[in-house]
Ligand SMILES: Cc1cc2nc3c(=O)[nH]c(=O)nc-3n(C[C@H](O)[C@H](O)[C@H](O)COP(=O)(O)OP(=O)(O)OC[C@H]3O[C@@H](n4cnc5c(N)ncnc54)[C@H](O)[C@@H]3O)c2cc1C
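As a starting point, one isolated chain is supplied in C-alpha cells, in the form predicted alone.
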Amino acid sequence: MGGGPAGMVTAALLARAGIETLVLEKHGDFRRDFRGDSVHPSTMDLLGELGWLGDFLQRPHQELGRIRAHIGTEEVTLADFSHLSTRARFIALMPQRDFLTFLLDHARVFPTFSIRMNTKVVEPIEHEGRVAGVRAETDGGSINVIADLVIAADGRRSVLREASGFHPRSVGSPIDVLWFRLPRREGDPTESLGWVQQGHLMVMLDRGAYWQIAFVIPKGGFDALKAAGIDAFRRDIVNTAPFFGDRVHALRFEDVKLLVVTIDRLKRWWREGLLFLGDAAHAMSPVGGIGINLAIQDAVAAANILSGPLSRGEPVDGLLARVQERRELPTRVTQTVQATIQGLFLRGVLKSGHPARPGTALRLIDRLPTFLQGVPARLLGLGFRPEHLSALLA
C-alpha cells in the first residue's frame, strides 16, 4: 500500500524474486512537489547491485559532492563524499516524482509486478485474527484485494496504521519547514547548501532552472509569519541569502507549502498479515534528507528476509518481527541524531538574537583534512547498518 520509495522498492524486489506483487497508489500520478528527493550513496549502491545505476545516472539530476554551509559571513564544509568507498561519491538530487517513475519503469520489467493508481485503501480485511487483504475505493467503485501479506508503506498518515489501532510514539520536534521555489540565475552560489543568518536558516536544493528551498521556522509558527505579511517574509529570505533580492518580489504565500515536521515511530511494526515500512513505521525529520533512503533500507531488509519464504508459498507471519529487529536500531539512532541536531542547533539558530557564526564543532569539521571530512559524509551518505541484496535478489 503506497507507491512511494519504500513501497516501490519493496514491490520491485519481491517481483524480482518471482512473487506476485501489487502496488495500490491512491493518486493518479507521482507529481507531488516538495517530497524528499536526495538520493544518497547507500541507495545508489543498491541500484548498482540491481544493475540499474547506469540508467539512473542518465536521467536528469544534480550531484552534490560535498555539503557546505554559509553561516554569517563565513563558509564551512560539513561533509565531503569524495573519499567514500561507494559506487557514487555524491548525493544525487532528483525530484521524487522522477525517481518513482524510474523505479516504476524498472519494476514493470518483472511479469509478477503490477500497480493500480487512483486506488485508495480505506481499511484492512481481517480473517481469523489476521490481516488478509484490504478494501479500497477506485473510480469504478469499491474493491477487495486478498493477499498473503499486506505491506503498509502509505506514509506518516497511514490509513492502515490508524485502522489497525497502531499509534506512534512521538519523539518531538521544535521546527516546521516551509517549502517554496525561486528562480536560479547565472552567478548564484554553486556549493552552499545551507544559509544561516541571525534567527533564520534555509536549505537550498539546486533544481537547474530553480532553487527548491526549505525555510525553517519554529514549530507552529506559520500563522504568525503570515500575520506579519508577505513583505516581512521576503525580507527574511533576503536577509538570509542576499542574492535572492532581485527575484523574491514574485513570491506569494500561495506558493509556500507547510511541512509539519514529525519524528515518531511505532512500538511494533507488524501484526499477523501486516507489516509497516518507511514513514508508516517511523516518520523522519527532513534533517539530512535521510527519510527516503532509510525507507529504502527498510525495503531491502524486508525483501531479503521475506522473499525466500514467500516465493515458496510459506507463511511469513513468524518472520515479520525479524524485519523490525533488523531495522529498529538504525531507525532509533538516526532519529536520535536528528532530534539532537534540531534541539541543540536549529532551535538555537531560530532563537538567536546575535549575528550567526560557526560554532566550535563546525569550525573543527571545516578544518579537518578532506579524508576526515569523509566521516560525517559516511554517516550521512550510508547511514547506520546499510543493507545489501541477498543472494536470491542480487
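In this text, residue numbers run from 1 along the sequence as written. All values reported here derive from a predicted model rather than from experimental measurement.
There is also a form predicted together with the ligand; it is not shown, and the following applies to it.
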Q | Interface stretch in the model of the complex with the ligand - options 278-286, 233-241, 81-89, 218-226, non-hydrogen atom within 4.5 Å | A | 278-286
Q. Quick check: do 24, 259 and 291 each get a heavy atom within 4.5 Å of the ligand in the model of the complex?
A. yes
Q: Answer yes if any heavy atom of residue 119 is within 4.5 Å of a heavy atom of the ligand in the model of the complex; otherwise answer no.
A: yes
Q.
Considering non-hydrogen atoms and a 4.5 Å limit, does the ligand approach residue 124 in the model of the complex?
A. no
Q: Answer yes if any heavy atom of residue 155 is within 4.5 Å of a heavy atom of the ligand in the model of the complex; otherwise answer no.
A: yes
Q. Is residue 266 a contact residue for the ligand in the model of the complex, using a 4.5 Å heavy atom cut-off?
A. no
Q. For the stretch 6-20, which residues lie within 4.5 Å of the ligand in the model of the complex by non-hydrogen atom distance?
A. 6, 7
